[in-house]
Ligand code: XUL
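First comes one chain, alone, set out as structure tokens in the form predicted alone.
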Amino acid sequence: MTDFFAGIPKIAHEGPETANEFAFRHYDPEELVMGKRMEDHLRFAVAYWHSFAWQGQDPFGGQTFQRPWFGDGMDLARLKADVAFEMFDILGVPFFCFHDLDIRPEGATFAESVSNLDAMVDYVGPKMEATGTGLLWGTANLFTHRRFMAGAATNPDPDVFAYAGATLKSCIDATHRLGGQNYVMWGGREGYETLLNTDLTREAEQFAAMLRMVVDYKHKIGFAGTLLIEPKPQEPTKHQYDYDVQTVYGFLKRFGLEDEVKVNVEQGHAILAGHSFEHELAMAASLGILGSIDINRNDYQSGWDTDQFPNNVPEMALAYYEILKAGGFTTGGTNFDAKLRRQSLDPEDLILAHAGGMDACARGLKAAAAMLEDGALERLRAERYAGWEGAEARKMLSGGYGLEDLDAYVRQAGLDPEPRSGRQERLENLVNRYL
């Protein structure tokens, strides 16, 4: 045991009337929602990188956090893991997520870095077994080191491509050993800063070649988890190749990988792409590639990815509505890819940020379930498209009509269709009744 969280109690459900800030008001892991435990619906995970590796810097200021595990060496990496699992226990979260660089120190050579990772897997594994905490997903940091300044898989230097692939192998191995339920690929610098030095065709082919290697290796070692790509449109690059869900699907389809890979959708990234979170989730479900989510929010006055903890219940309700409608998570879950504000220095801040986010998600989930169980929204949606259930309409979609046939049909039936209301405000009012 460490003393980092000394005096902070385990967070338990006390109900919406409690005045105890160190309690859940809405998140009750045992509560049944649509016949399923709330914990099993939400499948919460803590992000190792923001909670334990991030030091509080931003583009205009340096480190603000002072944590006893900051620094190099395996002893500090083990201390970081000790604190992490104490936090998982306080919050009662069933999962965590990590990059390789989050849990191990960088070695002087590639071999030493992998050795450090293997040693930390050996250290973390027994903690997972003792606490029952699982690994939602692992991933590789292929964007922080200067060698990746021009990308990893899409780098113009084949030696960097090879180094990235070897790193991927070590991280997939670590994820497999720890029983990870997914493996995420976020191409933080897989894009370009200027077209003047970029070959788009070549870089797409490199990206696909690396992804094929990952798919092949997954099957070779018998990794049963889901492979996920996390879309993001920009930042730090001017343009990234995994811009949004639909772009990722187009890439997968182009290279014949659409049956092998799904998406990990982040709320903040959806906003940067000019979409809503529920749009990206609905699109992923429609395309059959919805895998998991990273939950956070951006500051509405900022134009960049601020990774704040979620607190907007209406947004959460619409997001979980799409997830529930798609059948809910299988291997995926709700990962808090969120970080404290750089002025929030205390250990209590770290606990309360997660507890508040978990409560917001729980409220959103319950509202989403109530909407879905009531069925009013789906009935009104079905009513809007009811005309497509007719024989002539079905014939239009099944190939029974050509343009000439449509021309004849319109003339013969004397069609002069009038527009019908989309009822947007009525539907918005309906959603608000559940919040």
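One rule holds for the numbers: they count along the sequence shown, beginning at 1. None of these values were measured; they are calculated from a predicted model.
From this point on, the text means the form predicted in complex with the named molecule, which you will not see here.
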Considering 203, 305, 244, 100, which brings a non-hydrogen atom within 4.5 Å of the named molecule in the model of the complex?
305
Heavy atom within 4.5 Å of the named molecule in the model of the complex, from candidates 183, 249, 148, 186, belongs to 186
Look at the stretches 252-260, 137-145, 343-351, 150-158 and give the one with heavy atoms within 4.5 Å of the named molecule in the model of the complex.
137-145
The named molecule contact in the model of the complex: residue 269, any heavy atom under 4.5 Å:
yes
Residue 232 within 4.5 Å of the named molecule in the model of the complex, heavy atoms
yes
Using a 4.5 angstroms cut-off on non-hydrogen atoms, would residue 409 count as touching the named molecule in the model of the complex?
no
According to a 4.5 angstroms non-hydrogen atom cut-off, is residue 49 in contact with the named molecule in the model of the complex?
yes
Which residues from 326-353 come close to the named molecule in the model of the complex, meaning a heavy atom within 4.5 Å?
337
